[in-house]
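Just one chain follows, in the form predicted on its own, and it is written as structure tokens.
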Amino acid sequence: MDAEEIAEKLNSEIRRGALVLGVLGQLRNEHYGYSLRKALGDHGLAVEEGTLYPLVRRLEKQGLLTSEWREEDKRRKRFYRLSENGEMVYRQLMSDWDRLNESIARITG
């Protein structure tokens, strides 16, 4: 395995954790699947449907999200939002993320 392949694999690992934070952060405001995907992409965190939807379902199963089906524009859509527990977990993860970023900046700076 060459350096480029290794870097790509490691970058994928970093991105996976960051994606959870991005999704939780965006879901402080209600979104349905497509609007969530678009909002993430608009902020520079492009994600494929095949990655996003299983992640959202897992976060809901863990109790971090709530969802409800509603009709909008004559279509049924499932809307997601952080649960109370999701808010607490998000704040903790962001605090940990900030400390980690500060440490990495000190190490690499």
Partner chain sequence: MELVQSYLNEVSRFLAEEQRKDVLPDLRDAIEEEVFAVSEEAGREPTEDDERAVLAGFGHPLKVANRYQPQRSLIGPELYPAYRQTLRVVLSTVLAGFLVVALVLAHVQDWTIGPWSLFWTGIEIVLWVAFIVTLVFVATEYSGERFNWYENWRPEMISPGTLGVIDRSDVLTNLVSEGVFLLWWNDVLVFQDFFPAFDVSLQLSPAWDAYGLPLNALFGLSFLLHVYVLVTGVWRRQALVAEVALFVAVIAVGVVLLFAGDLVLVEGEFLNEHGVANVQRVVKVTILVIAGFTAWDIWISVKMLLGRPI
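Residue numbers count along the first chain shown, from 1. Note that the structure is a prediction, hence the values are computed from the model and not measured.
One more form of this protein should be noted, the form predicted together with its partner chain, which is absent from this view; the next part is about it.
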Open item on the list: Let me test this: is every residue among G33, E48 and R57 within 4.5 Å of its partner chain in the predicted bound form, going by heavy atom positions?
Closed with: yes
Open item on the list: Is R78 near its partner chain? Define near as a heavy atom within 4.5 Å, in the predicted bound form.
Closed with: yes
Task: 4.5 angstroms heavy atom contact with its partner chain in the predicted bound form for K38 - done: yes
